[in-house]
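Just one chain is shown here, as structure tokens, and it is the form predicted alone.
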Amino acid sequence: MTSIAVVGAGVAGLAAAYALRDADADVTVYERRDTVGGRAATHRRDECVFDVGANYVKEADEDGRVSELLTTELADGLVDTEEPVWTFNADGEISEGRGDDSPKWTYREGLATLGDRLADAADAEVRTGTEVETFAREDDEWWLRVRGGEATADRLVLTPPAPTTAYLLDRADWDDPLCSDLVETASDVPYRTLLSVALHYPDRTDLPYYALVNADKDHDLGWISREECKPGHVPEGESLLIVQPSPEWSRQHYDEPDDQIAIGAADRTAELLDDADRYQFDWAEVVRWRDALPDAGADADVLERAADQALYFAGDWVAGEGRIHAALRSGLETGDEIRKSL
């Protein structure tokens, strides 16, 4: 039986494993963290459930494949955030709508459920807390050194963010000019650094929108959303805002203490909403995403050449779009490609 190693249990890696669930293959997914799902991340506190990475999954695939998967096999607990997304500009002027009425899906227990659902549906061994430290190409086989041991695989799938993938390739014992080309290609993908700040308030204000997004990308804040608009996420009467500052503001304040970041985010949020009650939150959490979103995709031609060496890639940086649905689709397509090669 063909052995397949997938590095990374984010949405892309798990989707690749899912696409291979009925194949004649032994699939193992390695994840250095103790949780799966990557940026599909959810925290819980004081009866609140809140998504601290990606905010939801869009219905954005042309053939409906991702949408069908979410609404059929992965549908248990899926909920739609019905309120619209509005925009604001650098001057803080809020405008109605942005012409996107498609579903905004998460789960009643949070978007991290997507990773759990994929892992359960895939016929694969998912090894969390197991970091792949390096790998080598030997005798038409991939050899992996993982924390606590070694493993081999006939095919290898790399799904971490492009900077991490470039680092792994640069450390690899693989004497092939293609390796250098792949390192350069992955290194060239530009990434945004983002902070995600959860701000909880004991009361809420009725507003006509779920979220605000900075349309001109020239404000200290990039995104504000109301978790109370997601069914099952926030107790009645309370409010929990997810504030994601701009990439520039996030980079400048990334290493500051959590309380300073939270106060800065709350101050700018109160000013934008023109709501003095939003200056004073009763608790906050700060999540840091060093390599959050790619601003472009990798050179597809270079990545495709690696298939001749039984090496494959998946992720939003492969798709060229920093969205959960893009990462999910990328993983499914990579799994399909491997299946055809078996």
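For clarity, every value in this text was computed on a predicted model and none was experimentally measured. Note that residue numbering begins at 1 and tracks the sequence as displayed.
Beyond the structure shown, there is the form predicted together with a small molecule, which is absent from this document and is the topic of what follows.
Undergrad: Taking heavy atoms only, is R33 within 4.5 angstroms of the small molecule in the model of the complex?
TA: Yes - in the model of the complex, heavy atoms of R33 and the small molecule come within 4.5 Å of each other.
Undergrad: Please run the contact check for V132 against the small molecule in the model of the complex: heavy atoms, 4.5 angstroms, yes or no?
TA: Output for V132 is yes: heavy atoms within 4.5 Å of the small molecule.
Undergrad: Within 4.5 Å, heavy atoms only: does A17 come near the small molecule in the model of the complex?
TA: Result no; A17 lies far from the small molecule in the model of the complex.
Undergrad: Using the partner position in the model of the complex, report whether T42 sits within 4.5 Å of the small molecule, counting heavy atoms only.
TA: T42 lies outside the contact set for the small molecule.
Undergrad: Of the listed stretches (198 to 206, 233 to 241, 88 to 96, 124 to 132), which one has a non-hydrogen atom within 4.5 Å of the small molecule in the model of the complex?
TA: This holds for exactly one stretch, 124 to 132.
Undergrad: Just to confirm, with a 4.5 Å cut-off on non-hydrogen atoms, which of A151, L168, I263, L78 contacts the small molecule in the model of the complex?
TA: That would be L168.
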